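Here we start with a single chain on its own, the form predicted on its own, put down as structure tokens.
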């Protein structure tokens, strides 16, 4: 074949691909209202995983997901992941995990899309402007609990596959779904299920895609890292019962004073963690990272105003983003046992427990952090020479996750975003923790990408959560384009 003939063939192939993409985009545009109604039906289900009274709704939600995938001809299973033990010792059935498969061509890549359809609690009286379980469209924003986190992204992936089917186009890759219903409360039972499915459902998966996150600004983004979370209880116990401060104040060494004293040694006013070994484990910011942060679209003043503070810890974009994403931090969340009701109460609590967490980053290990924190607090407490007792417990030890932005998965993501949005994406991290990413990585050894379609102002977990119609519809097109781009990755580069 001569050069001229080859060029013509390549041009025809390119034209055919472009033509198919245009047809798929047109199909999505023609079915916008159908997609919105599907989201309306899903939002109407109060799938709050934290409320056991809503557990029947959660089971119904999982059945609805399974049925939607069955109607598309997928090989669907509802996987039993056991029971959840409640604080009173009773048990309750966990919602089943939905798995589905579309295509099994061994010559193609296989991707697994992870998502969840449980939601955070929401009540109108919490400060919502609309009924949180009745999808309400206001000026192109669709308000409702779970819209952005994570029902619309899950639906967008399902609709992306369905668009190929509806136009009788062969999927460019095999697609699997793994949809759970307990993400908002810690994904009970999912780690064990993934381990159990490693050599069956997940055995032929090449890549894992997670869309449980959001953009940083109006510019589309690809997420390549999340921080981990080590969550601690620090309990100080003194007298055998609460005491009257007028009678006993000045006569006893108070547990609350001890607790506040040791908490004050965790972090400096400038934000530096004072626990030996924590800061030292963090890799320094490289020149390449600095350049990456410098190019990200982010308005520091807008962030400050949205947060509602007069002063941020850092005033320039690079430092602020770096300390949100790739440096650890200590946050003190509350004190259990302390008086917190309205009014006054002159009590000396007999036992108080502080709750605090350390968001950890790569090169930090939860087991090591546990030892460092426990040893440090006990050494600080010993210097107080208090007769009270200190107990330190780590109750969560979720690891951070970091991907290689040079991996072909990310190159494919850039190409898909360029095609749909006609711009380059921001490459970002999440300051929070998405433990399932690290679980997938550790158990399967597969490469992972986070591809968000949620907006920077969606208000996930907050009142008036929303998903814009634009992000929902264009996000569906992005997923369609991405499947095609992943198909172009050579088998040797996966």
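By rigid core we mean the largest C-alpha set that fits within 1.5 Å across both forms. Numbering follows the first chain given and starts at 1. Note that this is a predicted model, so its numbers are computed, not measured.
Missing here is the form predicted in complex with another copy of the chain; even so, the following discussion is about that form.
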{"property": "Contact assignment for another copy of the chain in the predicted complex, among 285, 196, 167, 336, heavy atom within 4.5 Å", "result": "336"}
{"property": "Sole residue of 376, 410, 201, 303 within 4.5 Å of another copy of the chain in the predicted complex, by heavy atom", "result": "303"}
{"property": "Contact at 82, 275 and 278 by another copy of the chain in the predicted complex, all three, heavy atom at most 4.5 Å", "result": "no"}
{"property": "Stretch from 156-164, 305-313, 365-373, 101-109 whose residues place a heavy atom within 4.5 Å of another copy of the chain in the predicted complex", "result": "305-313"}
{"property": "Contact test in the predicted complex: residue 125 vs another copy of the chain, heavy atoms, 4.5 Å", "result": "no"}
{"property": "Any non-hydrogen atom of residue 55 within 4.5 angstroms of another copy of the chain in the predicted complex", "result": "no"}
{"property": "Close approach of residue 422 to another copy of the chain in the predicted complex, 4.5 Å, heavy atom", "result": "no"}
{"property": "Residue 463 within 4.5 Å of another copy of the chain in the predicted complex, heavy atoms", "result": "yes"}
{"property": "Those residues of 338-363 which, in the predicted complex, come within 4.5 Å of another copy of the chain by heavy atom", "result": "338, 339, 340, 341, 342, 343, 344, 345, 346, 347, 348, 349, 355, 357, 359"}
{"property": "Core-aligned CA displacement of residue 389 at least 2 Å between this form and the one not shown", "result": "yes"}
{"property": "Residue 247 C-alpha shift between this form and the one not shown of 2 Å or more, rigid core reference", "result": "yes"}
{"property": "Threshold 2 Å Cα movement between this form and the one not shown at residue 237, rigid core reference", "result": "yes"}
